[in-house]
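In the block that follows, a single chain appears as structure tokens, in the form predicted alone.
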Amino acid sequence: MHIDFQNQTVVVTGAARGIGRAIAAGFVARGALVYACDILEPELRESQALAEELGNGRMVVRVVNVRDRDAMQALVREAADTAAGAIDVAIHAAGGVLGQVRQPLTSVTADQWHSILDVNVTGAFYLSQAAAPLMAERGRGRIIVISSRAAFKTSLTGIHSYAAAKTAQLGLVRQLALELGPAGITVNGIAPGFMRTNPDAERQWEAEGADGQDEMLKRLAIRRLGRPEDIAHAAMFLASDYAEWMTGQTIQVCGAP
């Protein structure tokens, strides 16, 4: 199976590190023009430097907050204008727990609740809202939302808004798929298992201790934690022609049944 994205334009949110960085780099390596955004500018520049080493395609980076609808519209429009109006793939990888930790229900503030929902769910909605009309004009497009295995079971983070946000992404993917399918646009999600891809995940891993870490690995059929590239490979499959009859699905990429 050969997959490439020569002459295609891809927008990736949350591209400063971890899964988003791996996805953006994977598309660049296969010839795409990637517009990558995040709020973490230094790390975003590191992603750009990595992509330049890969060659083939090209990465343009922009500091954008996915909670800002106008900024998301501007990013997608800039990408489309650079590519003569074309947006082929839009991937929402921004998300996570935003530095929050497990706490009792009664201690959660309104800002803590809404901030995670906004980045994970509203950000995915804003990206889709900006990209879908441009895709529909050409009769083809791919929208991909990075969710979590927490969408299918209780979250290891213990964070209420994170569990709610990841489950909400499942419904958003299904609803968008139904609406946008007649325009030639597929909408799918990817639900990764636990990965040590950012400081929040690293703190969670360390908190497990040696025994807890060993138990986590034993629960995986493939006895290793996931790598960002595992998710990037799934994203590139969903963005390719090989997945053109697949929509409204969120596939679990987690090393376990």
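Bear in mind the structure is a predicted one, so any value in this text is a computation, not a measurement. Quick note: we count residues from 1 along the sequence shown, nothing fancier.
Another form exists, predicted together with a small molecule; not displayed. Remarks below refer to it.
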{"property": "In the predicted complex, residue 230 touching the small molecule (heavy atom, 4.5 Å)", "result": "no"}
{"property": "Contact of residue 119 with the small molecule in the predicted complex (heavy atom, 4.5 Å)", "result": "yes"}
{"property": "Contact label in the predicted complex: residue 141 to the small molecule, heavy atom within 4.5 Å", "result": "no"}
{"property": "Residue 162, heavy atom within 4.5 angstroms of the small molecule in the predicted complex", "result": "yes"}
{"property": "Heavy atom of each of 61, 79 and 237 within 4.5 Å of the small molecule in the predicted complex", "result": "no"}
{"property": "Among the candidates 172, 75, 180, 94, the residue which, in the predicted complex, approaches the small molecule to within 4.5 Å (heavy atoms)", "result": "94"}
{"property": "Candidate stretches 50 to 58, 24 to 32, 188 to 196, 207 to 215 - the one whose heavy atoms come within 4.5 Å of the small molecule in the predicted complex", "result": "188 to 196"}
